[in-house]
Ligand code: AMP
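A single chain, nothing else alongside it, follows as structure tokens in the form predicted on its own.
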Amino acid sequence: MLKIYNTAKRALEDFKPINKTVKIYTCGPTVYGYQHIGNYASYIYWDLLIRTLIMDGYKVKRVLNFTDVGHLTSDADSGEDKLEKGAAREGKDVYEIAKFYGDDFMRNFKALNLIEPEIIAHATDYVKDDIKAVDKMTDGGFTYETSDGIYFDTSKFDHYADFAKLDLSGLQAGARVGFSDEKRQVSDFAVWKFIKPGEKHAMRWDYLGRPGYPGWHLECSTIIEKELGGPIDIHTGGIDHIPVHHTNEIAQTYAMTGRELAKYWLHCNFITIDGEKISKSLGNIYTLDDLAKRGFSPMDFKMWVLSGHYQGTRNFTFESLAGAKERRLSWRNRIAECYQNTNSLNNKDASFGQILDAVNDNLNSPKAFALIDTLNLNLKDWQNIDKLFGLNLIEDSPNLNDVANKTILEREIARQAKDYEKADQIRDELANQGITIKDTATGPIWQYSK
């Protein structure tokens, strides 16, 4: 049984789904620029969650949203819309920007062998639902109007501070969300923003007789209600979402429906790079394409991510990434040994259960990896490991084709005939294909070199 750390209760709990199908929502990317490796780490962890549930026998329905409107540069209620900023930066319109970077995100999503969600929801497709949601909140007395938008009155929701354990009396203007003199409380947030006369904003919808657009936090509440219905089982995201974004989602959903949003909340920690926060000013933002230029595949990065716990503090270095690459290669070579060892192919004493048990303990992938390093595994074990972690171990470690096996046999015949020149020539040809030959007393053993 899966045990997960529930942020809402700050405790390790046995997972018990509401219905037969587990409903999961994952906060997705704001599609205004390339996603860096820190962004993808979270999706790798939540892919492990999905795979674990499937291996445990559950059916899963998941929604991942694409934020393509309303996410301001402050992450709150002030600054420029990030899509507008991206469009100005590249001389394109906002819809071109959203499509280009959304497509790039999905390209890397597939390269990381992440299970695609059942529903990918674009925020701009739910604006009519946003407007209905604002009307419901207003009818319930949860909002008020200012010159620049419709704001959620956090004083009307008694449990607003509970989820993030906020000290609302200690919040300073500008310390948490954008501040306006018209706000009643510093913690209040916009559910709808009005576009001021002369303000450039390509994405706009009429509401209350004025052009505007939905607040960033609103999309998640409306998408969840429309696509999954609530309450849902699991809501995932990063720890940075706790004090503002997810707190606001909970408040909105209660105002809209009178009930809780999610039963379980999972949040992953940040990764740093060389001990520093990832930021443009430090020049330490790396994409998966940047890693590829240095000889590392998406699977190498995925291996690095899963070698640490989703709640742990992770520090990325290229040395540690190289270690993950070597570890993955060693696993692939153990699979190669399985192909060459008929006893391994027929061995029914599978060890995968121990590995799955480790992951079921709050997605403890590092403990599972340590078991994989030490257990005697057969080919069936490795096949299940691949299903659980999605590391393409089997796909990247196929049994050698007849031509390669024939070539290895030709080399062995040459070696036994002491035609070492021909044997070395064949060895070099195999090396160019990423195959190394290890000569043993019982005959040659082939391994992968890359």
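All residue numbers are counted from 1 along the displayed sequence. Just so it is clear, the model here is predicted, and its values are computed rather than measured.
Not on display, but discussed next: the form predicted in complex with this ligand.
**Item:** Of 51, 61, 36, 415, the one that lies within 4.5 Å of this ligand in the predicted bound form (heavy atoms)
**Value:** Answer to the contact question: 36.
**Request:** Check each of 388, 394, 27, 408 and return the one that places a heavy atom within 4.5 angstroms of this ligand in the predicted bound form.
**Result:** The option sitting close enough to the partner is 27.
**Request:** Although this ligand is absent from this view, report whether residue 271 comes within 4.5 Å of it in the predicted bound form, heavy atoms only.
**Result:** Yes, residue 271 is a contact residue.
**Request:** Verify the contact flag for residue 186: yes if a non-hydrogen atom of it lies within 4.5 Å of a non-hydrogen atom of this ligand in the predicted bound form, no if not.
**Result:** Result no; residue 186 lies far from this ligand in the predicted bound form.
**Message:** Would you classify residue 240 as touching this ligand in the predicted bound form, given a 4.5 Å non-hydrogen atom cut-off?
**Reply:** Yes, residue 240 sits close enough to this ligand in the predicted bound form that at least one of its heavy atoms falls within 4.5 Å.
**Item:** Contact of residue 291 with this ligand in the predicted bound form (heavy atom, 4.5 Å)
**Value:** No, residue 291 stays farther than 4.5 Å from this ligand in the predicted bound form.
**Request:** Go through 368-376, 225-233, 146-154, 240-248 and give me the stretch that gets within 4.5 Å of this ligand in the predicted bound form, heavy atoms only.
**Result:** Single hit among the candidates: 240-248.
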